[in-house]
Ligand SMILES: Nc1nc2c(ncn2[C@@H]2O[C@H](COP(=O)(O)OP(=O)(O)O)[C@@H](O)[C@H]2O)c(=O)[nH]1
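Quick setup: one chain, the form predicted alone, written in structure tokens, and binding and motion questions come after.
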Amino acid sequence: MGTVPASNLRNFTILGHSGSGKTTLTDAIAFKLGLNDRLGSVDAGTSISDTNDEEKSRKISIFANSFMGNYKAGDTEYRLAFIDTPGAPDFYGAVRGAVRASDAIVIAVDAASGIEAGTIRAWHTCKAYGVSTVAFVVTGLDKENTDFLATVAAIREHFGTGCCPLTVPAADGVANILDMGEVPAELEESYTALAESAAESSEELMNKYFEEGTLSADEIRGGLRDAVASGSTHPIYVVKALQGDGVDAFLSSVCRLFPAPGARKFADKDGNEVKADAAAPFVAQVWRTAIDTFVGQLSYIRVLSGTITPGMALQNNTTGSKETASSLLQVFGRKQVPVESAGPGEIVAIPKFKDVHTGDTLCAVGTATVMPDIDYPQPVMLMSVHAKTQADEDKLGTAMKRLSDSDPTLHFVKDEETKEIVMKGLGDVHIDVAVALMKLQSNVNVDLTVPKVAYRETVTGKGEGHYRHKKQTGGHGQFGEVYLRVMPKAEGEEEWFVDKTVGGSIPGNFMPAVQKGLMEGLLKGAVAGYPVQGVKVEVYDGSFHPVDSSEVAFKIASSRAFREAMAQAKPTLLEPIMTVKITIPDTYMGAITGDLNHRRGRVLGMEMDDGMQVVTAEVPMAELFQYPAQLRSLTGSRGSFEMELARYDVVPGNISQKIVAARQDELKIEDE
């Protein structure tokens, strides 16, 4: 873009734990690049990144916001594209999209808090997405009881000795370790590690290092670029953002050491590399969708190959739709600046697409490339949504679509069993923000309640049922008689229906009607009217009338015979059991396991992962609806978890009685 060549573009995303200083660092960079006329502040609500009312009131980032600006390092002009991301696990979906759009990652580490769950999650995300260039920025050194060297030691302990400081605190602010005439004793090990990493980048430097035992600062800088791009070295920087100390040193190093577009290899779904060539056919991926109050939908794209200009015809290879890039925008907080073109590595927003969603691949017409989908975390928080008024009910569908289009981690599902609309998100804050956005974007007000659990029923013994359906109404009557047995279906057994009739007691042409009746019976069990699973039905006898028998008669007879048999087969209630993986600092281990026991949970195992405890347990879903908020309270926001359905299991008797009583009251209301 402009006069800056693609080789001088640097694209990176800032990750880290919530409160680690990512947005404050973003404000300092934006101010240095001239994107803002003053240094923004999260506390004062003037941050260039956190511009949404929810972000300002909560003082956390909710969305991933991108910025671009020029920076001069020495005599060379560079262009920086960078993204500020949320640190709270409730909004980690935004991180996944931002990492897909990045060539490099910068992880913020607060010196006062050290390595936290979000720090480790950020590191794992980089590795999962194949981003090799990862650097660290130590923040918060202006706080009491902070120690830069201790923070460096913690980073190296968790993420390897390839993590080496490049800038360090100094009496007059921040100093580059390579510019020090004499390296302090406590930094000699790091300086040696930098020299060794640089030496490994070329045979010439390796020979010199072996011969002389050292390399010059310029030689180390030259060799480090390959080491940083390959991921063998991860530089550590110091930035005191509020004072402006270390910002220039950090940006200069980013310009010199971070790779240009093309170093990170992007491949399509078929494994074909998409080369970062401005002259190649245009390929881009949508990594974020935003709803602007005035403009409408904004699709943020990372250009992977080729060049895009306003008015360009595009095809969406994910949906097959045809689109037009009406205009290209750079979005800086609330400012939207039109631009004339964008090439590989650049990030722009495009308004008013017809049928474009997050993760979609946009290409020049005639290009068949399709990029892999963005892998988002699965929901862990469920709430039932109820419109407050009929007017809200009429607009609810539109509001839900807007939210789910802009946030792929937010799901709305109509539960056919409970007849509820269930909102699924990554945490209670995520759900609260979604409700606020419904009001802001669509003027829809809703109430939230704990969802009903989709229980099931099964049998633990054998039971027999018989029903004769006989009805005479003048002319042809109705007649059908069915005898059957119900029993538990063996594990691995596929067939649930067995015809054991002999001698034509039920003619074959009526057997499909018998099966239909049984399937209707499976929808409403004998305990509390929940769907039935895990049962086997044997129809062994019956009778018919040559004139009055009909499909309807046998359907009714089999359904009622099933109800009688199930009531005799020791029916029981089943509940969904979830497998949960909880990541916490070791100090919270006792509180978490005790809480799991209180929730009827069963701990399956514990293991260490990068200094964090990962507890795997099985917990009934009914006990997890409010768990995200309670986990945050128990761990001071330092814990996270994920869950998936494991199986259905028997509900304990004392709890089953309460569920059945509540269900009977519910069914009475429905009947009325």
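Residue numbers run from 1 along the displayed sequence. Just so it is clear, the structure is predicted and the values come from calculations on it, not from any experiment.
Keep in mind that the form predicted in complex with the named molecule is not shown, yet the notes after this line are about it.
Remark: all three candidate residues (Asp43, Ser61 and Lys143) come within 4.5 Å of the named molecule in the model of the complex, counting heavy atoms only. Remark: Met589 does not count among the residues lining the named molecule in the model of the complex, judged by a heavy atom distance of 4.5 Å or less. Heavy atoms of Thr139 reach within 4.5 Å of the named molecule in the model of the complex, making it an interface residue.
The named molecule in the model of the complex is not approached by Arg10, whose heavy atoms all lie more than 4.5 angstroms from it.
In the model of the complex, none of the heavy atoms of Val498 sits within 4.5 Å of a heavy atom of the named molecule. Interface residue among Leu242, Ala391, Leu523, Leu440, judged by heavy atoms within 4.5 Å of the named molecule in the model of the complex: Leu242. This chain is displayed without the named molecule, yet in the model of the complex the stretch 23-31 from 631-639, 64-72, 23-31, 600-608 comes within 4.5 Å of it by heavy atoms.
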